[in-house]
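Below you'll find only one chain, the form predicted alone, shown as structure tokens.
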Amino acid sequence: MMGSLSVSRSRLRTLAPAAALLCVGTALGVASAVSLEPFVPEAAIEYRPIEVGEDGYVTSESCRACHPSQYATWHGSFHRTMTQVATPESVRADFDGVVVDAVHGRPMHLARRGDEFWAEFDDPGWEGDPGERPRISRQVVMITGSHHQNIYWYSTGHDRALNVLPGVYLLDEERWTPRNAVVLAPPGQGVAMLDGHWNAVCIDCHTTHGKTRFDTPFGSEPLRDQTVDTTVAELGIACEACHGPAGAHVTANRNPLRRYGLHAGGGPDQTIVEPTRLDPQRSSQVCGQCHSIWEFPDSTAERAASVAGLPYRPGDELRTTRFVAHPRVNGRSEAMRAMIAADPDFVRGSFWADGLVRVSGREYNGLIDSPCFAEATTPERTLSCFSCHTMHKTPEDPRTVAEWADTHQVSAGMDGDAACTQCHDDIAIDPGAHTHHAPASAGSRCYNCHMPYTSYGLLRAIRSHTVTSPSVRESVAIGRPNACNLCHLDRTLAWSAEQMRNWYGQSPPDLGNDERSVAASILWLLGGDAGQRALTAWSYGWEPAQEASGTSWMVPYLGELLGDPYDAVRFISARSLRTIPGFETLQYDFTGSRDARIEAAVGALRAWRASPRARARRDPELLFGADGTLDTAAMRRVFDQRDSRPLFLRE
């Protein structure tokens, strides 16, 4: 059993204040002792990955003095807190005697011991009789995620190897929940809990210049037989992740004249990379190093990266040192075939059938499929990540740093149509003529039609980062919801196809009877696969869609999904249901017992039927009869056509 592990706070404390306090106490004749935690140098910590200054990396603290504004905005971003050491300042979850039920096996027990955080749970690595699975007690030493979820990692007791707690803390809901319940995975399919998973996988995108330092590739042999000496230049996504190692830059700019551009030759400083000064392709690849689906090109590259870290540096060509999965371009390549052979469900769990990415955190994959990127003729008219986003809030931006960070670091003024109309200036003259919606309405916002919520991650829908035009034909052939029917939830595919024909000359596809007569959202909600159900349930709670479609008719459909076999779908449905008037205080636990969930769903349906709003709509496409009663037989018919193939979305 591991002993008590004291987390180092060397970056948060100096000895000078303590020494001064001792002197004051002596001068006042106070007979007291000042108790300080023992100082533990970072290099002496053996039970978790550590920060090491090498290879020219000098950490963000070296940037602070000369770039205070940029440092401050980065410091307030979720990039910085993507990975943190578990301390009383960083841990937001409640550990004080908390019991987390519904995890695999027996409940997890949490406890706080001074400044340390501990968990007791069933040993995930036990290979014997499941009925004899032992309990283990481990100290939580690291956190990943800081926007919507906190995922907690514990020290395994073997070198610096980490493993993940079976529970996740949801920040918005302020509650613990089983880790398996927050991913969109088939019922009963547990999410792997493997010693060293963070060291081998998460490290690549959740830290700066991480080095796994395993003896052999992850999973090739038991971790207990390997040395695990994982290091990073900095935890979290820090300055040097985007600007490259800054050692030479710091050394060169110790001369104040050089800092003010008075160095020989003038011009841009060549000792550091400024992503916004790169061409659109290379600047976007700075983001794509993490926000993409990629793999090592071969085992030799994996071994080299384990020892020395990933070789990519900002400004490099990303594809030189890694394989970026791009089914529309390299779907038949040897590397893609190898990925599919290793994981047959990989493509369906990451991409729609036409190759567009369908999971969050992979926005670079979406960008490179956009005509505004792939078919642009000049750099000035090429869409890039920096067309809409900024890594540092500008002084002109009236938002607080917290507000800017919470809106995905969208640049000031780019939360409207400006990102599009700066190139499409002909549309900017009269937007309504193009959108056929009132200029001030949500239906007239470029991104609502051309970047709809068709990606999934973190228990919510995410905007597609592939700029496309609404297409009913694609919805029929591929199953991806289209922008029109994600907003007009009460309309059929036939209705949307008619608008597309009248407004833009699109020829309508052949449609089946249900596609002509039943609202598309109901087809996706009752008959779609788990991913379609999750996206549609989220849209039922999206304010613009509620304004366009009304909400009085939604309750029985969201209530149906309270019994969905997928935990994530149930969670999203309940959250959307609570946005409907009269159901704000719905008592429902998506991980509760089946009987409790059924009782909550039946109670919601009864409350709805007793409400005057229940008969407010009598639309046949919503499966209501002329008398306002719900056609449950028609609902069952659609339900019986559900795509029940197992789906695990690789968010």
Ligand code: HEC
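Given the structure is predicted, the values throughout are model-derived calculations rather than measurements. Residue numbers run from 1 along the displayed sequence.
Just so you know, the form predicted together with heme C (HEC) exists too; it's not on screen, but the next bit is about it.
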Any chance Ala438 has a heavy atom within 4.5 Å of heme C (HEC) in the predicted complex?
yes
Does Glu380 make contact with heme C (HEC) in the predicted complex, using a 4.5 Å heavy atom cut-off?
yes
My question is simply whether Val286 lines the interface with heme C (HEC) in the predicted complex - judged by any non-hydrogen atom within 4.5 Å.
yes
Contact label in the predicted complex: Leu367 to heme C (HEC), heavy atom within 4.5 Å
yes
Ile45, Thr87 and Arg160: each with a heavy atom within 4.5 Å of heme C (HEC) in the predicted complex?
no
Heavy atom within 4.5 Å of heme C (HEC) in the predicted complex: which of Gln506, Asn180, Ser306, Thr321?
Gln506
If we test each of Gly361, Pro166, Gly355, Gly315 for a heavy atom within 4.5 Å of heme C (HEC) in the predicted complex, the one that passes is Gly361
Given the stretches 571 to 579, 297 to 305, 125 to 133, 476 to 484, which is the single one in contact with heme C (HEC) in the predicted complex, using a heavy atom cutoff of 4.5 Å?
476 to 484
In the predicted complex, which residues of 460 to 481 put a heavy atom within 4.5 Å of heme C (HEC)?
Arg460, Ile462, Arg463, His465, Val467, Ser469, Pro470
